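Just one chain is shown here, as structure tokens, and it is the form predicted alone.
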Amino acid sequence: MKKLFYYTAFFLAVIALNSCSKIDNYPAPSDTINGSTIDEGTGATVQTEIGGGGTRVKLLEISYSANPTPEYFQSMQDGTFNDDKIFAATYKVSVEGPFVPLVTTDNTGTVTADSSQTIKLTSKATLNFKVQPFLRVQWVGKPVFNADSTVTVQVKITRGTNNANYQQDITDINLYVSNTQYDGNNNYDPRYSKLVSYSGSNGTALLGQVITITTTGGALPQQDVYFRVGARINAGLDEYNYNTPMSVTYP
């Protein structure tokens, strides 16, 4: 009787193992979605930061469900995106970040605007989304080394949209300093970066003006150093709009 019990248990274990292996035999996802998020006013890609605080691509697999759970992957810093590990299916695709949402709803949940794109992904799809950034951050000249080996930069910040729902006051204008080009609110050297928060309309009063910012913490190290300015309003995902990273040669 004991042997019969062992044989039965072994037989059931083999069946369970085979069942699991059948489930795992599905091929890995290999289709690709790439593209860019573009400022509709300038034609340039919308700069962002890498990681969870930057622009993300939202996928809704509508061939599987009428009410699917969203899937996301992150954009690259320069506003382009690429994911080559996606299952073939039909998707509703949009991007989310520091810009006017592509899909908006009213207070009842009814969709009032929808600029997402629906695709049937069978191998590769390239998608470009035109958006209105909350803010535009533009360099004015190049960063300049001072006599004390600090660096001064100048930027101009303007609104990127006339949409009345996204005219909130500027809450932060930050100069980020980093030893890599992947510079931003998630990756900076706090010894030299200058972070300034504003209350009320104090930050907003700087719109359209040339803003001068100097690094803190004394002389910068004699190595490759990258500079970038980020600014944000209290809207959407509370993310920053950026200019492109820029580096200068140590004198």
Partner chain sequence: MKRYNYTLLITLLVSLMACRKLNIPPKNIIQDPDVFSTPAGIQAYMARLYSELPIEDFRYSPQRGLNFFWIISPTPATTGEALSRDQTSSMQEAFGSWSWDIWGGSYTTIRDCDYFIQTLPSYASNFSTAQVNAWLGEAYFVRGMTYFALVKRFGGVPIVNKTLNYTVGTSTDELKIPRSSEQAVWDQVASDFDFAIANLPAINGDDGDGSRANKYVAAAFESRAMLYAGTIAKYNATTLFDGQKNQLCGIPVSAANGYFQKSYNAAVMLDGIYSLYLKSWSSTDKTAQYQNFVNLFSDAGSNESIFVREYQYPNSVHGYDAYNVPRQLIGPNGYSSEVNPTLNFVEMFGGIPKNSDGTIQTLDASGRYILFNNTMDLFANAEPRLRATVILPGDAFKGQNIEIRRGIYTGPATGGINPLLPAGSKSQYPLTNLVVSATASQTSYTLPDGSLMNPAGLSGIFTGDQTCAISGFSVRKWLNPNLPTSQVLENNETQTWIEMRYAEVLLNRAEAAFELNSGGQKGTADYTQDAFNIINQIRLRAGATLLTSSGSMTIDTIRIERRKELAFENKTYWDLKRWRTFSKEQNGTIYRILMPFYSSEAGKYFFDARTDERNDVYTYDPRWYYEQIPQGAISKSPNLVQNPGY
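Numbering follows the first chain given and starts at 1. As the structure is a computational prediction, the values presented were derived from the model and not from experiment.
The next section is about a form of this same protein that is not shown, the form predicted together with the partner chain.
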Picking from 41, 35, 29, 53, the single residue whose non-hydrogen atoms come within 4.5 angstroms of the partner chain in the predicted bound form is 53
Interface check vs the partner chain in the predicted bound form: of 180, 105, 165, 126, the one with a heavy atom inside 4.5 Å is 105
**Message:** Test of understanding: in the predicted bound form, would residue 172 fall inside 4.5 Å of the partner chain by heavy atoms?
**Reply:** yes
Query raised in the report: Just to confirm, residue 226 within 4.5 Å of the partner chain in the predicted bound form by heavy atoms?
Result: no
inquiry  = Since only the chain is shown here, I'm wondering whether residue 222 would be in contact with the partner chain in the predicted bound form (any heavy atom pair within 4.5 Å).
reply    = no
Query raised in the report: Would residue 185 show up as a contact with the partner chain in the predicted bound form if we use heavy atoms at 4.5 Å?
Result: yes
Within 4.5 Å of the partner chain in the predicted bound form by heavy atoms, the stretch out of 151 to 159, 134 to 142, 82 to 90, 67 to 75 is 67 to 75
Checked 161 to 198 against the partner chain in the predicted bound form; residues with a heavy atom within 4.5 Å, sequence order, are 172, 185, 188, 190, 191, 195, 197
